[in-house]
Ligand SMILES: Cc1cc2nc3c(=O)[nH]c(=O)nc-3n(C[C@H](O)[C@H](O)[C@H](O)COP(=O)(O)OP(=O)(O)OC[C@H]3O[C@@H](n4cnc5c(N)ncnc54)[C@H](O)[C@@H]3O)c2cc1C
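Only one chain is shown below, in structure tokens, and it's the form predicted on its own.
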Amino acid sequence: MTHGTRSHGPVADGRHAVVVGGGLAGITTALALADAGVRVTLLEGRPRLGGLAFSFQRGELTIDNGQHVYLRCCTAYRWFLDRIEGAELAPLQDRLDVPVLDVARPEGRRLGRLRRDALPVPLHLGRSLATYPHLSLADRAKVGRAALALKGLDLADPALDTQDFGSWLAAHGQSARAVEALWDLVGVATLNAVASDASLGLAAMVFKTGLLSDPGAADIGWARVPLGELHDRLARKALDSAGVRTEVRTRVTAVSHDVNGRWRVEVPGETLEADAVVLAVPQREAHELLPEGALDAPERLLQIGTAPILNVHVVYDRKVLARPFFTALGSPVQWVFDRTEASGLRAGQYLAVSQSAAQDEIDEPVAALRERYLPELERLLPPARGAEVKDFFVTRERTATFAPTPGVGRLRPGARTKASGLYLAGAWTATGWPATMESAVRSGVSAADAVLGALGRPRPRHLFEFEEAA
């Protein structure tokens, strides 16, 4: 590990923090602590950083394990991109524009769009909803009334977490078609659950923040380069520059508190001593590493369910999609993205099909998925009917996110534990957000803030700039 020159913070003093886990939560924690002058060691068991938002090689192509997007309202992740000098590589739309293709209509394929105008909330979506062809006139009117009711919910009310979003939508006049063509269209992609399986609290947070807070809040951003370029290469460069010691292929086997109040972190062949330890790992791994008494009810971590995401990857011999992405109705296909340029493909087109809430398909054989999805893509994209499929493969994240089920809010712990000097981070902790890159970064900020408070260190101002932008 090489040490660079610190560029964002003061020279480190003798205080040492160990961050376990090199996903977005761990990277954020490490950068924030180093920027505040704390000496930091970051340990990651995999051979790379980035957690579940990573890339790998397949022949000459660089493939993302899954399609990840963010919204303009994701101010913490945008801060993260700025901090690693990667914002230009993952730009936002100038204005929300989502092509929605319905292939289930008797009259054939029909394209609609969800886009915003330069008007204040909620008028910014008024014209789009008024002309949205996938809803009846009656459904459009009822959607507007439900949106206003949603805007009036108090996100701080714990009762919201005990209810499911689907029942709330039904009680507010939303038809099955409205749920499919609008609410689940957005909700499945952001929550990784259909409305009937999602906490009203988390769903309300998504829709209030993304669609009802600011006209531009839901503008979509995504990486135009492989995710590994951002979350591994640029992140590691930023960590090096901040003076963080980063060790990959280093799995932590135990964390304990000694009689002198210091923490001991065990890895193969070495014991690290630290003033503070942050466990920025998935909830089950955190449960395994937690010392006795660190949480009042550690079994709650094991009660936080997980939800899968399936990604289908297809390489054609020619261009079959003219848009950067679209989403579909009346088809098993959810969202389709053009990843040709980002992957390095020189001829033809590479499409990534992102399937959230994929419990029924996550373990299906590749042959069965090929038999299902290639005809669907031909139905959605007529140019694909004459195209040759050069490659077809699948990536599976069986535990991609925590399951946003009703009641999950009471299971999600905060950054602080009962053990002095031990903290938690991860998208599954109590950030108020569903399991997104935004939630991961926010958890890292919360953990770093808690560590700095305990060590009596001032918070680096730039770290909290995203809060002012929120």
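None of the values given here were measured: they were computed from a predicted structure. Numbers for residues come from their place in the sequence shown, where the first is 1.
The same protein has a further form, the form predicted together with the ligand, not shown here; the description that follows concerns it.
- Contact with the ligand in the predicted complex, defined as a heavy atom within 4.5 Å, holds for exactly one of E397, E364, D240, D214, namely E397.
- Checking A403, L43, L61, L422 against the ligand in the predicted complex, a heavy atom within 4.5 Å turns up for just one residue: L43.
- In plain terms, the part of the chain that comes close to the ligand in the predicted complex, with a heavy atom within 4.5 Å, is 285-293 out of 285-293, 340-348, 119-127, 382-390.
- Using a 4.5 Å cutoff between non-hydrogen atoms, M437 counts as a contact of the ligand in the predicted complex.
- Although the partner is absent here, V69 is a contact residue: one of its heavy atoms lies within 4.5 angstroms of the ligand in the predicted complex.
- Heavy atoms of A53 reach within 4.5 Å of the ligand in the predicted complex, making it an interface residue.
- The ligand in the predicted complex comes within 4.5 Å of no heavy atom belonging to T417.
- Contact check for R145, G201 and Q334: none of the three has a heavy atom within 4.5 Å of the ligand in the predicted complex.
- Within 4.5 angstroms of the ligand in the predicted complex, the stretch 16-44 places a non-hydrogen atom from each of V20, G21, G22, G23, L24, A25, G26, L43, E44, taken in sequence order.
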